[in-house]
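Okay, so here's just one chain, in structure tokens, the form predicted on its own.
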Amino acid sequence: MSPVETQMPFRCPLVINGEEGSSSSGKQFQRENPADNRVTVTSAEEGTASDMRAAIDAARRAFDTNAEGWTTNHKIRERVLYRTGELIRANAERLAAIVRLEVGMPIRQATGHVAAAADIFDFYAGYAGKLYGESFFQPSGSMINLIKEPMGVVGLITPWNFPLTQTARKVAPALAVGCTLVLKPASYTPQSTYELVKLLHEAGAPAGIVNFVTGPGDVIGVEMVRNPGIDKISFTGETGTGKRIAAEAAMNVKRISLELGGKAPFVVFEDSDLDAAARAAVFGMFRNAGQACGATTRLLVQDNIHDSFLDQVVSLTKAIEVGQPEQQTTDMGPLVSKNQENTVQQYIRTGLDSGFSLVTGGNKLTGSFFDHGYYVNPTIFDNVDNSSALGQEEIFGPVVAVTSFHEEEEAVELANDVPYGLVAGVWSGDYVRAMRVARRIRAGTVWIWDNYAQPVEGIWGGFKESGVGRELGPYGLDDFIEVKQIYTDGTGLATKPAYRQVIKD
């Protein structure tokens, strides 16, 4: 047992106005280890609507009173963000262990996940003092100033699959521009998210700037979305939930950004480097057990290389070591919960019932430690009808659909023939064709000759039902900024020419 595991179950409090505390209900909820469901990893406070209101009020006061100069002094924000990145690195081993325990993410992946979160804070720290506006004169001598201001109090609802990076993508830009916030983590990963909140306060975030409430979405999430003290909601999660949030927020014209589901196509043409493409595909298919909105879930393969390419993919897939997340040799861990396991198994049954060819996998792993976790084999179905459930619906697990195409036009049509448009991949030895196809695929990110690369300098976000807004890069700041015009007359006239439309003299 690692030193971190000896501390279990972790006690995850609420954090409101800089103070850690208990839920007003006195209740807690437990988070199990998905790799060993006999073990409780975290005991978290079950926040109430009252707790959420208190957190929103604290964030509101901090913003409206410019607590410790937070909204006007970018140097303070810059120092907090840089220091948070440093603290993440200093605590990397502990953070990776907690992510491993709550998510079931293999330790090799969890370690990279922590490093990526630190990079995000570094990146946005550099932007805290660079929110430049614009200024220009009109022919009359009047001046227009366009300035960027923080949106205000933002409510952040974060997912469980990549708890540190997904939280950092929201928290870091929101703080960089001077917002205050209330953070509601997924109930599967309360401790992972709380650890980040602790580091933000250790880095010097003033009281009330970062508030943290755990608990059920249908209670505290609803309160967050409806509360008039919240100026903006940023949500990452399932598309159906995102639609409900958007509908509720629209009643008060509340700003929203949504990072939702995906059904990523991976298009492979006959002239591709098949070895490189196969490795990229398998990485995108089974990273974090396929529990990723950008996971490669559809392989679209040109028909004359279908058999040879699929052989390579299957060979690599069969070599994946499904095992205990703490082992350095483990390539894929368990699914996050029993519910997720049931969902994945239902999709596998649907694939079998539909008559699709099960190439590999397709079963729950049993025996030894598998009996106490939510382990499902990496699964590939061939000859999948793109209009079927396996071709259209987000599974969020290690299940991949393979479909053949004959010509480029058909590949583009198949790639776009889903409700989602988050990410895609294109492989061809002809760069002109690869770029042409990438331009025609309706997705927020299209990778050529790579898969699931997420540099902080780029963007993340999608078309269609994959969401609204963009995270990462400079564009990630826009989700938390209002642009204001300040107009100054330069004519010196008491009666401007336009006034004569109303005033005669």
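The numbering used is simple: start at 1 and walk along the sequence shown. It should be emphasised that the depicted structure is a prediction, and the values quoted were computed from it without experimental measurement.
This protein has a second form, the form predicted in complex with a small molecule, left out of what is shown; the following refers to that one.
Site annotation in the predicted complex: the residue of 142, 350, 241, 383 reaching within 4.5 Å of the small molecule with a heavy atom is 241. Screening 309, 160, 405, 269 for any heavy atom within 4.5 Å of the small molecule in the predicted complex leaves a single hit, 160.
Here the chain stands by itself, but in the predicted complex one stretch of 389-397, 74-82, 115-123, 99-107, 389-397, has heavy atoms within 4.5 Å of the small molecule. Within 4.5 Å of any heavy atom of the small molecule in the predicted complex lies no heavy atom of residue 298. When contacts are judged by a 4.5 Å heavy atom cut-off, residue 236 counts as touching the small molecule in the predicted complex.
Contact check for residue 275: every heavy atom lies farther than 4.5 Å from the small molecule in the predicted complex. Though the partner is left out of this view, residue 180 does not reach within 4.5 Å of the small molecule in the predicted complex, counting heavy atoms only.
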